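One chain follows as structure tokens, the form predicted alone.
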Amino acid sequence: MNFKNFTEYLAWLYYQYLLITGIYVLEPWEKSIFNSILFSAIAMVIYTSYVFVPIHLCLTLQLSVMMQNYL
């Protein structure tokens, strides 16, 4: 894949993003606010998953081991 095809593919993905979310009808300042809120929310979900999922998996594993030992 050469660079031109890659940039066209990225432009197509961005266009799809605009169409799916419906923000193609917004003004530029509204788009930037919407994108800021959306990407902030996504970043918080990723960070929370990174921090808390391993803790919950570890606790679930400990609970399952305790339940197996109890039975």
Partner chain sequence: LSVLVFMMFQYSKLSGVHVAQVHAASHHGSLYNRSFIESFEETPMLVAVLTYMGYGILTIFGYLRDFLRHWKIERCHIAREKEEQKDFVPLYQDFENFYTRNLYMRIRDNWNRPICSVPGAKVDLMERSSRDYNWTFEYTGRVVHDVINLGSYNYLGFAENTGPCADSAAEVTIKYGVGVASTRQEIGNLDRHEEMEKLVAKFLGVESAMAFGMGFATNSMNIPALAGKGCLILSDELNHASLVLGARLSGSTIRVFKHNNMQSLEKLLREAIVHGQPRTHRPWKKILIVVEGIYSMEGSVVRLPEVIALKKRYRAYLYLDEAHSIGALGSRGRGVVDYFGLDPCDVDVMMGTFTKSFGAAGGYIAGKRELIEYLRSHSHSAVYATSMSPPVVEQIITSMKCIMGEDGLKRVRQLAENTVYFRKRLREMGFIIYGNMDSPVVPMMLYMPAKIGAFGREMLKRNIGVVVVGFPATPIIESRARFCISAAHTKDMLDRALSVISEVGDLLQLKYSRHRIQPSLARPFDNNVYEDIDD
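Positions refer to the first chain, counted from 1. Here the structure is a predicted model, which is why all the values come from computation and not from measurement.
If you look for the form predicted together with the partner chain, you will not find it shown, but the lines that follow are about it.
The partner chain is not drawn, but in the predicted bound form it has no heavy atom within 4.5 Å of Pro54. The partner chain in the predicted bound form comes within 4.5 Å of a heavy atom belonging to Gln16. Ser49 falls outside the set of residues with a heavy atom inside 4.5 Å of the partner chain in the predicted bound form. In the predicted bound form, the partner chain lies within 4.5 Å of some heavy atom of Tyr24. Taking a 4.5 Å heavy atom cutoff to the partner chain in the predicted bound form, the contacting residues in 26-55 are Leu26, Glu27, Pro28, Trp29, Glu30, Phe34.
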